[in-house]
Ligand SMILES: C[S@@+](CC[C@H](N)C(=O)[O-])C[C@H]1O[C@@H](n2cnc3c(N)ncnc32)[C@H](O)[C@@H]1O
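Heads up, the chain below is alone and in the form predicted on its own; it's given as structure tokens.
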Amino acid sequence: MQVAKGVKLPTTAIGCDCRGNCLNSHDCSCAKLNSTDSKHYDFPYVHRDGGRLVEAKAVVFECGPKCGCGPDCINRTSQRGLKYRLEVYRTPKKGWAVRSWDFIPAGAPVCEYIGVLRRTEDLDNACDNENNFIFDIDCLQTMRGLGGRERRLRDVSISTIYNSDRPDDQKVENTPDYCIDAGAVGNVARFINHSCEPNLFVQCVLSSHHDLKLARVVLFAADNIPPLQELTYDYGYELDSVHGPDGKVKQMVCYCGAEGCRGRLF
């Protein structure tokens, strides 16, 4: 990930005192952040197949650079890079797409969305209408279920995830403050298409800091995915929410082919 000029990353999270690998969720301060119920402290991942996410969460707190555990810790599952052989290929109607040569089990991390971390307002001012590789870091909006997003605010308190250096951020708006621009710098994730019935889901992950507006965006398998099946996730557009430079609503036909396709991407 690259960081645009003018974007300041938060201070590093304190980290846990575990050694070797984190084994006891009641002793690991990072694991405790994943729940507000002291009776149900647990790691978000299980050890099977190199680490699987138990369920989609509002946010996943992983161990970070100041933690005492090593790279093999179960609570660093999404930080280990690409595990599956991914292929970018051409489709008749949707342009580029991505599939895996390997079987991907449900809950496994597939890849992180990588690009240049920018302020959304800076990108809007640039008016680059040809850049279709923008990923809004809309974790806060998803937690609240704004703009047609799947609401995920369950056991995580909003007050626990704000960076203490930014006390003015105590409100949730419809427009995310930051985005990932993969137009010129990116990885394989930029070629993964939308589907109204996807086999991947978006998960916000915090490891080196605890500011959700600047969270890492990781794509996980929603189901068991057989080899050579196209990988997709829901782009999360609300219909009639995209406007052109002239202020008029823009529309794009959806070619995902799902049985429950909404007919339009936006």
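Heads up: residue numbers just count along the shown sequence, starting at 1. Because the structure is a prediction, the values reported are computed rather than measured.
The same protein also has a form predicted in complex with this ligand, omitted here; what follows describes it.
- Stretch-level contact check against this ligand in the predicted complex with heavy atoms at 4.5 Å: of 114-122, 77-85, 185-193, 101-109, the positive one is 185-193.
- Although the partner is absent here, Cys16 lies well away from this ligand in the predicted complex, with no heavy atom inside 4.5 Å.
- Using a 4.5 Å cutoff between non-hydrogen atoms, Gly95 counts as a contact of this ligand in the predicted complex.
- Residue contact check for Tyr41: none of its heavy atoms lie within 4.5 Å of this ligand in the predicted complex.
- Taking the partner from elsewhere, Cys22 is found to have every heavy atom lying beyond 4.5 Å of this ligand in the predicted complex.
- For the marked spot (Thr11, Val205 and Leu212), a heavy atom within 4.5 Å of this ligand in the predicted complex is absent from each of the three residues.
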